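Same chain, two versions here, written out as structure tokens and called structure 1 and structure 2.
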Structure 1
Amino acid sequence: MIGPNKQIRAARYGMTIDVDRCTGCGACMVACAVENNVPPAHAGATDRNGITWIRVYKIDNGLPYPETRSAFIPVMCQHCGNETPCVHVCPQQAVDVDPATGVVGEMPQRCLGCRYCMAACPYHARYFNWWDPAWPKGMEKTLNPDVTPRMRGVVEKCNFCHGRWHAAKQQAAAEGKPDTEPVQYLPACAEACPIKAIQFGDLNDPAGAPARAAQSGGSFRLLEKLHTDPKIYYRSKRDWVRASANAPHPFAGQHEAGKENHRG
């Protein structure tokens, strides 16, 4: 928590994702799972009860060949900044918005598994853990020591790789930098993207690449009509892609790219 008398320059961490560049390779999904200790899919996992903090949806313009065009939309927690739906419905205060970063955090130690937040999230970006985490023999040695595995019965979601943020804060402190300033770091998905379609940074920094991209032409957010102020901005020059983001049911009838890579 931030002390009431401590002056900080609050950050607003967010992303811009260039949909026109995304190839749907799934590298972001794999990197996210490895970084955040998401275990391999349980034998009983399906598209409805598996865990993946980020999904890449494949959408198309609905036209017959040869006018058919496709695009890939990575969707994770949108880190809503206005009347955050999941925060308001949680009876345990297991969800909060960090005033220093703008990141919507999840505290599994407090979660009682009621799943109200899943029902409230308009982006379907939360996942209930139906099974205790298990890894094939030997694979447990590859776990990230900076991220605690979650037990069954709790909800999980993207937190912009909070472990990396803590590591960046520690590094800044070791270098003597003031702890009142936001730190720079990259979540695993942004680092792993082979074509750098994902840019991450402080949206409050007008000189930063994410902020400039968010304000440029062709940028849009999912379900902007709900006024949840998502911190994930998408970019596309194609009108039909931008229109799909605000349809009554975004990506309805569409399918996910690379299911074999991230289901679980």
Structure 2
Amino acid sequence: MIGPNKQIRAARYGMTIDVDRCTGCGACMVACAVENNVPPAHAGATDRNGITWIRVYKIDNGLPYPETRSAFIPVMCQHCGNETPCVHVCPQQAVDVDPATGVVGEMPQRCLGCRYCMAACPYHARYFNWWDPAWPKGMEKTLNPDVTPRMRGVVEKCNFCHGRWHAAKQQAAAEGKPDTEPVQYLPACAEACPIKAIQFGDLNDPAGAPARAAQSGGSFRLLEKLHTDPKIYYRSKRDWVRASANAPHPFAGQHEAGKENHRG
């Protein structure tokens, strides 16, 4: 625990995702599910009721073939820093923002399953357990001991691999480092990305890679116009990719008015 007269230097963990590097391989999605004990899909699950804490969307510039150009955008909880939309709607304080890390946390044991937070999230980054979590026989042996699987009827989402943060915190303590300083760690998606398109770190640390990348040109955030101050920064040199993050919908140049891209 933190002593009364110690000053905690608060971290603001965040990410920079280089869209121009992302090949859309899906390694982040798989690594995330493995790390966080997200079960494989129920036979009846679809892209609308499955659980993917991080989801890679294929987006395109809206032009017809062969002028179509696509890009991949991984979208997870954006850990909004300003009036976090999901936090103040939860009726029983199951969602909170950790002031020490800036991470938006979700307590599945507290969750009523009312799904109001899902309606509140503009990024659709929250997922509901429509089914009982089930693993094929024997596969439960491969579960990560640091993360408790969730029960059906509760909402879950990315928490920047809270288990890893906790382990890093414990290791720092074991090494005798002051517990007022933010720890360095990598969430599973950032670690697994084969092309290292995801950079993770403390945005408050101006020398850190994500902070520098976030400040550099071509950086943007999704739906920045809602002023929720998301902590996931994206980067792209392509104008249309940057525009798509905040474009009105239907996206300019979409194939037909009212016809969105079908690859989402």
Partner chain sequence: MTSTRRDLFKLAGGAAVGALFTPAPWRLVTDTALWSETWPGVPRPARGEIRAKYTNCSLCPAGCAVRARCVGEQPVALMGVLEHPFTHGALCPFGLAGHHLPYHPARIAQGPVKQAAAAIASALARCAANERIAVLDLRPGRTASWTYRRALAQWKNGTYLTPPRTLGGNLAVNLAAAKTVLSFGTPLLDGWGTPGNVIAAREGFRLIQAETVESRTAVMADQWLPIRPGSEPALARAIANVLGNQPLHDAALETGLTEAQIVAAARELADNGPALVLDARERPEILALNQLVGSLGHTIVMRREAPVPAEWKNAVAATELSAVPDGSVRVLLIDESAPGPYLPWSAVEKKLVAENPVVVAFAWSGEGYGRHAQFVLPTAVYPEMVDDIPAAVDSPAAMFRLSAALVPPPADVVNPAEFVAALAQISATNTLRERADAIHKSGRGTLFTYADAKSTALKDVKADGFWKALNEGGCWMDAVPERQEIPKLAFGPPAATLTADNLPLAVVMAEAPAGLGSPILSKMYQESNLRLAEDRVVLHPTVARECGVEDGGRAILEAGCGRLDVLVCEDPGSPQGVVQVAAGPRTLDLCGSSPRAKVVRA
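Here, a residue number simply tells you its place in the sequence of structure 1, counted from 1. Rigid core (definition): largest C-alpha set, two forms, superposition within 1.5 Å. All values derive from a computational prediction rather than experimental measurement.
With each form of the chain shown alone, which structure should be assigned as the form predicted alone?
Between the two, the form predicted alone is shown as structure 1, not structure 2.
If I superpose the two forms on their rigid core, does the C-alpha of residue 239 end up displaced by 2 Å or more between structures 1 and 2?
It does not, since the residue 239 C-alpha is displaced less than 2 Å between structures 1 and 2 after the core fit.
Given a core-based superposition, decide whether the C-alpha of residue 217 shifts by 2 Å or more between structures 1 and 2.
Residue 217 C-alpha, core-superposed: shift of less than 2 Å.
Is residue 206 displaced by at least 2 Å at its C-alpha between structures 1 and 2 when the rigid core is overlaid?
Residue 206 C-alpha, core-superposed: shift of less than 2 Å.
Per-residue CA shift, residue 66 (Å; core superposed between structures 1 and 2):
C-alpha shift for residue 66: 3.7 Å.
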